[in-house]
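Next up: a single chain in structure tokens, the form predicted alone.
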């Protein structure tokens, strides 16, 4: 039996296998008000039909001012709920578990004047330090978006704390230069994501899945492990481990067969008792099988490979060859418009 085909319980929900589709933004498939212009039910439904156990919908804005691009999907108002209801149905019809990633981009937000943990230089942008009122609004926006996700019939949410977006701007001492209760010490820098998770859990209930998108080496491995254990104690159901601010400084053993991001995920897996998903550059089933067979992770996040081949998971379980992602240069075609992908 394929290790990929083993089920796993996340919170109280059974996921039929060990493949997770990570959040992959479909740029230019939406309008400036957070609505899809290309059918996401069809897009994600294909990957669900292709066997994927857990689908994390692409980064979705909790507020218009916190968007990471001007065509990002939104969950900042009630009118956004129906598009996620359609996605939930298309995935549930194929027996896939589906959650949505919630994000505030902070200093990476769209606009000339943006907010972050601290005032920093970001090209031509004016980046302002958030006031306590701003922070309170962000917390409320995360909670409201999570409640809408539940209303839409999704199984949970992923709180985005990686890739240099707002929450990693708070946890990183490279960026966070605050002198109040949200800056300085490690406990203070972790305060905002912790408060958001606590508030989301209270608002959505014990059975709703909460995943944290964990940014590694933000700023050190020692602090990563401390934070991961805090998240476990808070009741976070899964850590989806990816890159953080400073992640390029990670030293990987010479004989390690995967990327530095995958390595940090496998290291965090050793430190916690909740499920961990590892990601980055995993294109072929034999790579996923290796990670699972050697108990290096609980789930394998297969990203671009699932964009290239919606049937990737079913083929992997059956032992068939998959359509391998070309890793187009200078960047993935989905970063402009996925309809130009060679496998589309």
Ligand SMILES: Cc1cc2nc3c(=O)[nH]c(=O)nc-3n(C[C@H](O)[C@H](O)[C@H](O)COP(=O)(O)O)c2cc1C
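All values derive from a computational prediction rather than experimental measurement. Positions refer to the first chain, counted from 1.
Keep in mind the form predicted together with the named molecule is missing from the figure; the text below concerns it.
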**Request:** Work out which of 71, 90, 176, 101 lies within 4.5 Å of the named molecule in the predicted bound form, going by heavy atoms.
**Result:** 101
**Message:** Exactly one residue in 276, 48, 279, 292 has a non-hydrogen atom within 4.5 Å of the named molecule in the predicted bound form; which is it?
**Reply:** 279
**Prompt:** Would residue 13 count as a contact of the named molecule in the predicted bound form, using a 4.5 angstroms cut-off between non-hydrogen atoms?
**Reply:** no
**Asked** Wondering, does residue 303 line up within 4.5 Å of the named molecule in the predicted bound form on heavy atoms?
**Response** yes
**Message:** Taking the named molecule as it sits in the predicted bound form, is residue 324 in contact with it (heavy atom to heavy atom, 4.5 Å or less)?
**Reply:** no
**Asked** Does residue 27 reach the named molecule in the predicted bound form if we count a contact as any heavy atom within 4.5 Å?
**Response** yes
**Prompt:** Picking from 250-258, 158-166, 125-133, 82-90, which part of the chain touches the named molecule in the predicted bound form when contact means heavy atoms within 4.5 Å?
**Reply:** 158-166
**Item:** Residues of 225-247 having any heavy atom within 4.5 Å of the named molecule in the predicted bound form, listed in sequence order
**Value:** 242
